[in-house]
Ligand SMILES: NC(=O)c1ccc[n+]([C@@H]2O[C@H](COP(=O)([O-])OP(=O)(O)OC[C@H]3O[C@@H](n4cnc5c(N)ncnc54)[C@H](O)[C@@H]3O)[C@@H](O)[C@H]2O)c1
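The data below hold one chain only, encoded as structure tokens and taken in the form predicted alone.
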Amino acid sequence: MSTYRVGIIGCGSIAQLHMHGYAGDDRFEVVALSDPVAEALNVFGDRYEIANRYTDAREMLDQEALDVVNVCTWHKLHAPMTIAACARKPKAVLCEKPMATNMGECDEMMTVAHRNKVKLAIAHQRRFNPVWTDARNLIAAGAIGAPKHVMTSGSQGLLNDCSHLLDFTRYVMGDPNAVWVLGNIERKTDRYERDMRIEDRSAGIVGYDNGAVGVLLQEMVPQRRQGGTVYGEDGIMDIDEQRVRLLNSRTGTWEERPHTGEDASIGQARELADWIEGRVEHRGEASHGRAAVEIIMAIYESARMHEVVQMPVRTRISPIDVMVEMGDLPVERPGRYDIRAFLLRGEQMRPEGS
């Protein structure tokens, strides 16, 4: 059995989930860590007893002969760290979601992976949640008839929390392609999430090529969960991370199907090894991560252009940045703040360089 040498870039809280995943499959050995923040690097390294530690990620990539590189940084570094990793030609790169911060970055990541023959996956790990997969299989088998509408709600910005919800919508329906998007946003405060501009509120309506329409409300209703409600021609399915509730003409009442199966982080890692070995396609393959980012950019672009956006999105930078910098989203309640400032260490209240 092969053993794959793993290096992790970014030693924050999300990296712990990835460590849990690798610990669940004997084919992986995490051999090196990188983080520019020495405290984060050493706390993580001590906890998991990993001796090889670098404050420079590229030095780690050059020194460690890695088979797998795991990018667990904040959003802005997803593209440059993935590009750097792919340039060293490991077998695979697993990058945290969202894939990137705009369409140009997504396409650069896919290009460098392709030219270096690196398998690139994006860590929408809930694709490996047994409940979500049960829902996907039920819908494919016709349990609620053809899906017509999917309702979701979230918070903390489109790129953060809501990238999971858009990925959820596609995943449970068998990954249809978005055809058009209508959206709008409100940004009256100078709000950031991990050093990325985000909106105060937003709404998006997405038309898919299977005929279904998805609706996403962000910071507009109190409900916040990872999942949603799918309405079909012959039933309703209500889904979160713990259970599926199914109602159709055959059940006549709500049937509850609880969580049973493999831990999502372990499943994500296991399938990555299987993908490297040519056994399967990875559920997190980069095109799916790109699709979620494209819908987000389309919501922003619809707000910017005041029109229904027909896919593909042609603006390669983030339309919310364009709107702010052009003065189309003036801050009415001044004072920059980052909703993830609690992740910083020491006296910092803003990321360095922001």
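Predicted, not measured: the structure shown is a model, and the values here were computed from it. Note that residue numbering follows the sequence shown and begins at 1.
This protein has a second form, the form predicted in complex with this ligand, left out of what is shown; the following refers to that one.
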Quick check on this chain: which one of C72, V93, I239, L165 has a heavy atom within 4.5 Å of this ligand in the predicted complex? C72
Interface check vs this ligand in the predicted complex: of R191, R194, R270, R136, the one with a heavy atom inside 4.5 Å is R194
Any chance all of I185, L217 and L329 sit within 4.5 Å of this ligand in the predicted complex, going by non-hydrogen atoms? no
Looking at 298-306, 314-322, 45-53, 29-37, which one sits within 4.5 Å of this ligand in the predicted complex if you count heavy atoms only? 29-37
Does any heavy atom of G24 come within 4.5 Å of a heavy atom of this ligand in the predicted complex? no
Does this ligand get within 4.5 angstroms of any non-hydrogen atom of R345 in the predicted complex? yes
Should I14 be counted as a contact of this ligand in the predicted complex, where contact means heavy atoms within 4.5 Å? yes
Taking heavy atoms and a 4.5 Å cut-off, does R170 contact this ligand in the predicted complex? no
Output the sequence-ordered list of residues from 79-100 with at least one heavy atom within 4.5 Å of this ligand in the predicted complex. M81, E96, K97, P98
